[in-house]
Each structure stands twice: as C-alpha cells, then as structure tokens.
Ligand SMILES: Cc1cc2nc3c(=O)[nH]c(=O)nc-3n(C[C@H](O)[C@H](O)[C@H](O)COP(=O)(O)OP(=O)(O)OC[C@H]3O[C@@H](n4cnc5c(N)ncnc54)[C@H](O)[C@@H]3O)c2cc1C
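The data below hold one chain only, encoded as structure tokens and taken in the form predicted on its own.
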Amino acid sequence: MSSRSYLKEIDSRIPYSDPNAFDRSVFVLHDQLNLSVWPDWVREQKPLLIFMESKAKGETLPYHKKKITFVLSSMRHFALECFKAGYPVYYHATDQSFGDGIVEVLEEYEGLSLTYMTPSEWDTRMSIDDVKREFEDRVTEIPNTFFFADVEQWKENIEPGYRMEYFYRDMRKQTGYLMNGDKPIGEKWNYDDENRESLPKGYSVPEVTSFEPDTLTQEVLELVVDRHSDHFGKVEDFRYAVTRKQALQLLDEFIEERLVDFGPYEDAMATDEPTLFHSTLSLYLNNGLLLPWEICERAIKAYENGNAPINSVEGLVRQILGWREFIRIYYEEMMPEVREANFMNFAKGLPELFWSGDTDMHCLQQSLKAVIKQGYSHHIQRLMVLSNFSNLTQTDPRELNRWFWFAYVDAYEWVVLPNVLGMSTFADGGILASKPYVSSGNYINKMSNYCKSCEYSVTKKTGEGACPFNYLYWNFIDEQREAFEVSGRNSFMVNMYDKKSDENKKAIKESTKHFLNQLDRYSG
C-alpha cells in the first residue's frame, strides 16, 4: 500500500498547495513542531511549509507502536494548525529517507528553494547534508533554536572531569533562573538531599489526563497496525496529547497538581505507578509542542507565588536547564564515534525480558510493563532498574542504547545515547559520569515498595531465592574494578568486596554464574 493511502484525513482538510506557485519553502521536521522559535521571516512571510513522513525512517528501528503514532499524529495535527493559521502546506509522503524525500520535491519543483533547521538526530542531519551539497544554491540550513544553550560555546568543555553541575551553575547565571544576583536563591545550587524520599503507603497520586484519539490519530493507528505490527510495544489505548493545546493543558495540570510533590518523590518508585509526580512532559518538550523555557518559567513562577517549594522547582529546572542541555552538548561533541563506546567490553545480547516483560523480578516487571504498554517510565526506573540490570548482566551497552531509542515514546538519539552510553552504563569510560550507575537490591528496596511483592528476597544475598541484584552487584564490583577506580572516591566499594570472606566471594560467583546461564538473551 502506498505511503499516501493513509493520508486521507490530511488530504481532505488541507487543500493542495502547488509548490510550483512558490519560490521559497521551509521544511519542518517531526521534532520541530513550533514556529515561534523559527526566524521572524517565517512568521511574517508565511512561505510554503513542507512536512514529510518517511517510511524508511519508521523502519530503521522497531520503534514502539505508540511512538510512531505519537510522532505522526503530532506532525499531522501541527500541519493542519499551520494551514488554519494561514500558511500554505505541502504534506509529502515518501518511502525513502528524509534526504531522499527532499530530493524528490526539489527535482519535481525546480523553482523552489528550501530552508531547514539543523536536525537534532545525527542520521537525519547527515542525510539532509548530502542534499544541501547537491543543491547548494537552493538549500539553506539554519541553526536549531529549540534549546537554551549554544553548542559551540560549550562543547569544547566536554572531557573527563567536566560535570553537569559546573555547566548548570553557569546556565543558571546566564538565564537568571532562581538567582539572587550571582547567588542561588536559598543559598543552595541543588536540593538533592531533600529529593530522595520513598512514597508513603497510601499516598495519593493524581492521574495524568489522557486524550481520546480523534479521526486524524485513528488514521495513524490504522497505518501502524498495518505497517508496523511486528514493532515493539502495544498500540491499544493510545492516550497521549498530540497538539500544543493539549500539551499546554498537561503543563498546567502538572504545575497545579504534581509539582509540589515532584521534588521529594523524584527518585521514588511504586507498584503500578509509572509516572508518580513526574511531569511526563518530555514527549512534548522533545518534539517542540512545549519549549524548555516555558516549563522552567512556569515552575519558577509557581515558586515565586508560593505555590511550589524550592526543592521541587529547582529539581525540575536542573533536569531541563542543566541535564537536558548538557547531554545535548555532549552528543554534539562526541558523535559519531561515541555510538561504539563500550568501556567494559560487554558483548552479551539484551535480555529477552526487555521485549516480553516476562520475569519474576517484580521491579523489572513493573518497569517493563509500563514501557511495553505505554512507551514510558520515569527516570529512576530507566536508570536504577533497567540500566542497572543491563550492566550487572554484562549486556552490550550499545544494545541497551538501541532498545531505549525504540522503546520510549520520548526518545531521540541525542537524548538517549548520552543517558545510556554516557551516564547509566559508563560505556564512555567516565567522560559524562564519574561512576557506573549500579546498585544492589538495597537501593531499590529503599526507594520503592517493589521488593514487598517480589518472589526473591532482598535481604538474602546469595543462593536460591536471593535477590539477583545483590550478588550481581558484588560480582560487577569485582570484575569491573577499573570502572570504580577511574574516580578514586568510588574505590572503597572494591575495598569492601576484597574484605569479604572467601566463602562469601565463592557464593557470589556461583550465584552469578547460575543466574547468567539461565538468562535468555534476545537474538532478533
């Protein structure tokens, strides 16, 4: 079936704009859905806007069915909104890459010039770069302005020892966010020590509003079922926002209902609560429906009005102004070589349970259930359960990176790769993070109620029925000493292992060997 066959709703609502009637066009990618950050001339002159769906892009990875639905539905809705705002719109569908699709348009309409904004993802950028070289007199690239920081100003700082905290403080000073002159409001740069509480039993968690799919989204769902039935995840019960109006509603809801508790329970996990008090706005932040300064400034205003505590607001600002901006700069500086980073030389395939969710380990069940069903779980489940388990089971970090990229609805390579290869797996050898993010079952037990419902005992360290995180963790400490000695402050864990009895060490090794031998690996 042709790529155009699933565009009947768009074709019926947006009258055909003949590109021959225009000499200037702007190509809008699926993660650049906000014209307010484009140059003034775009809004003033209202050139032809070109949107494009690439079948080839959708097949580069087995992207979560809800991710494909979200990306395409959001772009279709945005194209329709642009048309209603007075822009001529040309909605193109191609079986090829974005670059090839642009060539199709430029070759057919020889009088048309095209302006595009630098893509966030490397492969798309390289594909369109080739087009720019071929049509150098007709194609113009402009900088990506969906972020706070100018990459060129910062990327030379990316090296071992330069941490996010240094960058974050400079960005606070540059923006004036939560600052009193040159000093941070409250005399503290961060409130991590106040943001590590576990969720009390019976504590009420507000639901995140969901949205019923309209006819535009329904058509995308039909496309996904027809074309991507073998992809990861569930397509049923799609409820994400797909318009800016809906995304702004979710922002309001977060500020009013969950921001107060976001800070204290930022690292908490609870059974059947995949979002807790997290904003879940990363989906809309990463495709442009929301802008980073909008979220930060709304949160800061809530603090100034006495409606949210400083620890919650600073924690949110640090995630967006600090971490999100920092990892983008890391990506720009480290690509493309970092794609092959594997400091610990792990070569085992991804555990099969990452696809099926079938495991007796309750923490993994809970973390994977949400991803398979909705393409989302919050950052501690991603970091301290899923990435932790991948590390401890000696899984190739590049396989984990690939899984995160296609399994999460909010995932794009620029945000996933630094978090997985740089932070959680230590695959870059310590450039982004000072240590591998691994832990025993004690951390999971402290920050969640998962262990109470698990078939394994978190208090048992080795042998049958023991929590696998316990012995896998100490085995990792022993076998990956170099990773812990990169930063001297982490070598005490190696010393603790060395002080264990020979009998204890033997039990750790035997339990680890038995578990890894029984662990099925995905081979697809």
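Since the structure is predicted, the reported quantities are computational estimates derived from the model, not experimental observations. The first residue of the shown sequence is 1; numbering continues from there.
Keep in mind that the form predicted in complex with the ligand is not shown, yet the notes after this line are about it.
In the predicted bound form, none of the heavy atoms of V71 sits within 4.5 Å of a heavy atom of the ligand. Interface residue remark: H231 is not counted as part of the site for the ligand in the predicted bound form, having no heavy atom within 4.5 Å.
In the predicted bound form, no heavy atom of Q218 sits within 4.5 Å of the ligand. Using a 4.5 Å cutoff between non-hydrogen atoms, S127 does not count as a contact of the ligand in the predicted bound form.
Although the partner is absent from the chain shown here, F262, L281 and Q319 each have a heavy atom within 4.5 Å of the ligand in the predicted bound form. Checked against the ligand in the predicted bound form, the candidates L106, L199, I372, L383 yield a single residue with a heavy atom inside 4.5 Å, and that residue is L383. The listed set A241, L114, A411, L251 contains one residue whose heavy atoms approach the ligand in the predicted bound form to within 4.5 Å, identified as A411. Listed stretches are 131-139, 88-96, 416-424, 344-352; the contact stretch with the ligand in the predicted bound form is 416-424, by a heavy atom cutoff of 4.5 Å. In the predicted bound form, the residues of 321-337 lying within 4.5 Å of the ligand by at least one heavy atom are, in order, W323, R324, I327.
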